[in-house]
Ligand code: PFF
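As a starting point, one isolated chain is supplied in structure tokens, in the form predicted on its own.
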């Protein structure tokens, strides 16, 4: 049974938890958000949001998960019996499945780009040729689907291994490799030519003139979504953490790892764009449209392209593993399935949904609702409704249902640990974080536009 499984070591637990938080959002989204919002000013606001909002929310979900010691549904059923909270848990399980369905689409694109890095696909690249390459691939009715399914198979293979031999073992291998690759890419990015330093200055020299309400909302949104809170991942992994571990300390270590990777990604990407005179605010197209042009102009560009997209795949995989485990844990505990059976069934279901998000750029590109294709609808629903709703309800449950005494007991390991900031965390969980996340939700829904 899943709730009887635990991480075998503290380092393994931290690697898995950090892997769940570190994903495409750190390496793909953070650099372009930084580029769009004025560089260092955005980073400073982002770090403040992580410290004052992100850590308390993560600690809330972490505490609930370990307190319950089961899958998301089982945890709420145990901690709040005979209430409607179990219904919320079903929404959380569905949230992780929805996110993984379109996450696999982007990861599939990344696998394809890694494989074509050693071909002449990016040689003599121009904006028009790179855009044509991307459009032709994503609109193909078969090729992106094959890559998406392949990525899901790799994810499922790790989950089948279980918590200790699958999730923990793979995380302990992939996370160090991810950091090593990032550091190598940072060194290369900073040594391309004399203009690389301009990218570094853009990252670390605050430009307060560009700071606006939009900057704060973007930073808060990235801080919230980057930590994988609100989707049941931290709660599920929390159930696998042993009772004698210091989850307060682990939360800090996970947040620190997540933030370091995001900043390193900025160092690896933005100086390279400045080195070749390209815009740092290229938006979501930075990875798939701008960077191939950068690699095309670099000595050994094919090798650097391969290494970069390998980095993206590792980041995607560590997150997809955690997303799939949320649903698998529910099937194991509540539907009494064996891990292999639960993994195969959930992978098939999510992959089928993922096929529709993948072909949303091809055969179904004209199928839209409110001007959005299927991929955009799934992303919008998860990012602007399901995830914020999950975050708000987790904070409410920790602050008002679980209560101060139970929360303190869990975080301090039965008052064996001294947590000096507990009162601050509890205040944020109860009063501040729900309001902040609600503002993010309303902003994402366009209320403030």
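Numbering follows the first chain given and starts at 1. The structure displayed is predicted, hence computed values, not measured ones.
Heads up, the form predicted together with this ligand isn't pictured, but that's what we're talking about next.
Heavy atoms of residue 25 reach within 4.5 Å of this ligand in the model of the complex, making it an interface residue. Contact check for residue 236: no non-hydrogen atom falls within 4.5 Å of this ligand in the model of the complex.
Interface membership of residue 231, defined by any non-hydrogen atom within 4.5 Å of this ligand in the model of the complex, is confirmed. For residue 225, a non-hydrogen atom is located within 4.5 Å of this ligand in the model of the complex, even though that partner is not displayed. Contact here is defined as any heavy atom lying within 4.5 Å of this ligand in the model of the complex, and by that definition not a single one of 101, 357 and 359 is a contact residue. None of 319, 110, 89, 171 but one reaches within 4.5 angstroms of this ligand in the model of the complex through a heavy atom, and that residue is 319. Only one of the listed residues (440, 21, 429, 13) places a non-hydrogen atom within 4.5 angstroms of this ligand in the model of the complex, and that residue is 21. Looking at 199-207, 126-134, 147-155, 319-327, the stretch with residues near this ligand in the model of the complex, meaning non-hydrogen atoms within 4.5 angstroms, turns out to be 319-327.
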